[in-house]
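Consider the single chain below, provided in structure tokens and representing the form predicted on its own.
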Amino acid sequence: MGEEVSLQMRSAAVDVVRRLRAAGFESYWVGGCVRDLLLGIEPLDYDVATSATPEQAAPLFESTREVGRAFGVLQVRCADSWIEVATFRSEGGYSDGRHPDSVHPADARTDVLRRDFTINALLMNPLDGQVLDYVGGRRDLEQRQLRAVGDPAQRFQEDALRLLRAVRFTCRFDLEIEPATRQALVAQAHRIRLVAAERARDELLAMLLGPRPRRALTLLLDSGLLDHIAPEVKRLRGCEQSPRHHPEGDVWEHTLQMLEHMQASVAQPDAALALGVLLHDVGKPDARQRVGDQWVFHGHEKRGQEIAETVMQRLRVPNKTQSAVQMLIGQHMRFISVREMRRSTLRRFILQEGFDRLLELHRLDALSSRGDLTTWEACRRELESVAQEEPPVRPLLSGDDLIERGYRAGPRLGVILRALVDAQLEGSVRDRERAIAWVREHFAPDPDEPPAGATPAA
């Protein structure tokens, strides 16, 4: 978010509170925006909690929409964004483990007591900067700990998504989980199965793309959550590799190091790359064989694609992302043979769609094993060479050109044109005149075909 946009949003959020208070309603910023401000982080959005009902608040603003009448939630339009305004409330039971069965009007203190963690249960009056803390959230921020509001077991029973949110917040803000909260987290990890797959997927991706993906995956493992989200990934732990190729350790450690390198060195990793890192070696436990004093994993990429399909369908990963991840898994071992590839084969390899992401995966893979970037550098050099040529892959001749020179229309034309492209990629053909000569040298015209320009017999 740009600085100007951020300032506009903050100004709009201040104005929302000002208007509500001017109309006689108690009103505060609440939740993540207060937490972020106290941590010196610019909030991505602002939420407002108020004593006003949606019916009372709506007339105070030019543009509003109700998004949760049953929960007393109204959204106020501010330029190109929306600020959520929610009525103070208490909540009844959570029979589905996700949503409250009922809500009731309440005061500010009661409202924050229903929230998940103390660091997310702070109120601030932006007009004077006063912070209301009914749950010890400021102390927990200072002590760098994540603590559930009230009884942690009850908080997780109310909403099972909080199990994953606990891990994400811990890693995002570099906190430690308070012992009672951690105990409840481990005891109720199985309840994550109650959460919609899409919500679990989004939390997992936020962790993988966040500032501490290694720690996130370790916490998911230690808490038992990984058993229910992606047990296939847990099997990487203890899957030994040959020290000659992987001095870093087992497949689990290799994957953790790749996540660390991704976070540290990739400017804007996307979901496909993150999942590719997580799952690229997921087939190794099934493919592992002992040959002499070495472990080998022949075909692990194919087995990995099968397992990854199961994982990604379970998490409802969008089809486009699934396809991109499958390409990464299926082709990440091709870099082994780059130095033996014909130049045309190498160029077809590096010019395929999605290769930039595949090359990034290879770099992370190499950095997390022996650190040998020779193949990565060779591919980068070839990409730079291709970028200076024009055009790199379009045939210099067409099918019509070949027909005019005595070649019969049919499948053989395609064979000839593909071979011509290979010759171009190899660098042995660079212009149209040489292309004509090259085709004549390597492919004779079809028999019984009249020469170009000849008149057929009557």
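None of the values given here were measured: they were computed from a predicted structure. Start at 1 and count along the sequence shown; that's the residue number.
The form predicted in complex with a small molecule is left out here; the points below concern that form.
Relative to the small molecule in the predicted complex, residues 234, 284 and 288 are all farther than 4.5 Å at every heavy atom. In plain terms, the part of the chain that comes close to the small molecule in the predicted complex, with a heavy atom within 4.5 Å, is 155-163 out of 371-379, 223-231, 272-280, 155-163.
Although the partner is absent from this view, residue 257 stays clear of the small molecule in the predicted complex, with no non-hydrogen atom inside 4.5 angstroms. Residue contact with the small molecule in the predicted complex: residue 114 places a heavy atom within 4.5 Å of it. Remark: residue 47 counts among the residues lining the small molecule in the predicted complex, judged by a heavy atom distance of 4.5 Å or less. Using a 4.5 angstroms threshold between heavy atoms, residue 201 stays clear of the small molecule in the predicted complex. Between the small molecule and the residues 214, 261, 168, 303, the one pair within 4.5 Å by heavy atoms in the predicted complex involves 168. Screening 395, 406, 54, 32 for any heavy atom within 4.5 Å of the small molecule in the predicted complex leaves a single hit, 32.
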